[in-house]
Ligand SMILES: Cc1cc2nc3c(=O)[nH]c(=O)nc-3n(C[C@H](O)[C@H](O)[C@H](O)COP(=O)(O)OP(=O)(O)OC[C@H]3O[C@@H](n4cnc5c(N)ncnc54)[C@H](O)[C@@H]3O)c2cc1C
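Coming up is one lone chain in structure tokens, specifically the form predicted on its own.
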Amino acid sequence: MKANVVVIGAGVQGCAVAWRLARAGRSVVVLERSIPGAEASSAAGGILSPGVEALEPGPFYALGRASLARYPSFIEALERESGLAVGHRGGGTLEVAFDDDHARLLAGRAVKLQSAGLPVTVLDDAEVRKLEPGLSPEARGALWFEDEGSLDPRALGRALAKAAQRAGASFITGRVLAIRHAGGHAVGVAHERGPIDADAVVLAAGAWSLQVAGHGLPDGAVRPVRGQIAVVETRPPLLSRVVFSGHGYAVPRADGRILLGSTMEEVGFEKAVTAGGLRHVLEVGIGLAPAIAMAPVVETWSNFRPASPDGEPILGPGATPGLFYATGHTRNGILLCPITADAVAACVLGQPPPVELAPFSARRFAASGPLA
């Protein structure tokens, strides 16, 4: 088999890159060992918040803002071409303080963001409760990132896979044995169903990226970090926007369900929902909104973030010509999906990426010495 591009991994990153490349007229084969979007992509909270994730202005914040700015047109095209809705909600995100020291810390961070011309509003405790009456009376103020929001990652994954397929990408289920190299170039993959030749290979295998032989990344460049989530159901809906504390978050859906997350656990690939993990996320939720204590728990799950040593993604070309990366997004895979798709597709097509990718190159790890 021969294709212009082979994409390893059919999570949201792999499917989004494949969609972009197929729309550009390239023949694309997407390889997935099980069901597209069945792993970390479907387990995420779906938060679109560069303001909370990036503590101060810099390349990572700029990457998140660039991706957030792309989301309206990205969703419009995706829903049109897939015929599926992705559950996008606006309303902004709140980062709430529950003591005076934390409130002062948030206010200081707001000054940094505002001085750089970035959008954030500082709310006092009365303003917070007016915006979200269901929040705890212990709230001491918050930062409000008004242009942020959330979506349903499971719906996003289904829509991206369908849009990529409709655009012409082919999906093959099975195990990738290795990325093949010849003459100093990546030339395709060895797959359990047979070899696939390609002009370019995109590694988008998430937490499993280093399990693909021939990946070309340093040891420890991507590792699994387990996260657990519990879902409660509130009627009528208790919250209307994403709310963070210093310990976790609550992500409301339009139907009254609220996702409570998440843990950050270094346990390798041990997939489990544990008593301790559930206690943590439920305590986070009840601390944010006490009425959650009376809400039924309707679903729980765990999965693995593809974590990099610095928490930032690995994007663009590697040291081997023909090999490209869309991995290591840690806990920002959903937020960074549109910019990852545009940037990595541009690199594969030999075009300038829409953002500077040097801060997110795999080469940064070699420059910084051995990885932990």
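All residue numbers refer to positions in the sequence shown, first residue = 1. Note that the structure is predicted; figures quoted are calculated from it, not measured.
As for the form predicted together with this ligand, it is not shown, yet the points below apply to it.
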**Message:** Which is the contacting stretch out of 59-67, 44-52, 341-349, 316-324, given heavy atoms within 4.5 Å of this ligand in the predicted bound form?
**Reply:** 44-52
**Contact residue in the predicted bound form, chosen from 247, 166, 175, 112 - any heavy atom within 4.5 Å of this ligand** = 175
**Message:** Would all three of 9, 262 and 333 be in contact with this ligand in the predicted bound form, where contact means some heavy atom lies within 4.5 Å?
**Reply:** yes
**Asked** Could you tell me if residue 86 has a non-hydrogen atom within 4.5 Å of this ligand in the predicted bound form?
**Response** no
**Asked** According to a 4.5 angstroms non-hydrogen atom cut-off, is residue 217 in contact with this ligand in the predicted bound form?
**Response** no
**Prompt:** Does this ligand get within 4.5 angstroms of any non-hydrogen atom of residue 34 in the predicted bound form?
**Reply:** yes
**Message:** How about residue 206 - does it come within 4.5 Å of this ligand in the predicted bound form, if we only consider non-hydrogen atoms?
**Reply:** yes
**Request:** Could you list which residues of 296-320 come within 4.5 Å of this ligand in the predicted bound form, counting heavy atoms only?
**Result:** 303, 304, 305, 306
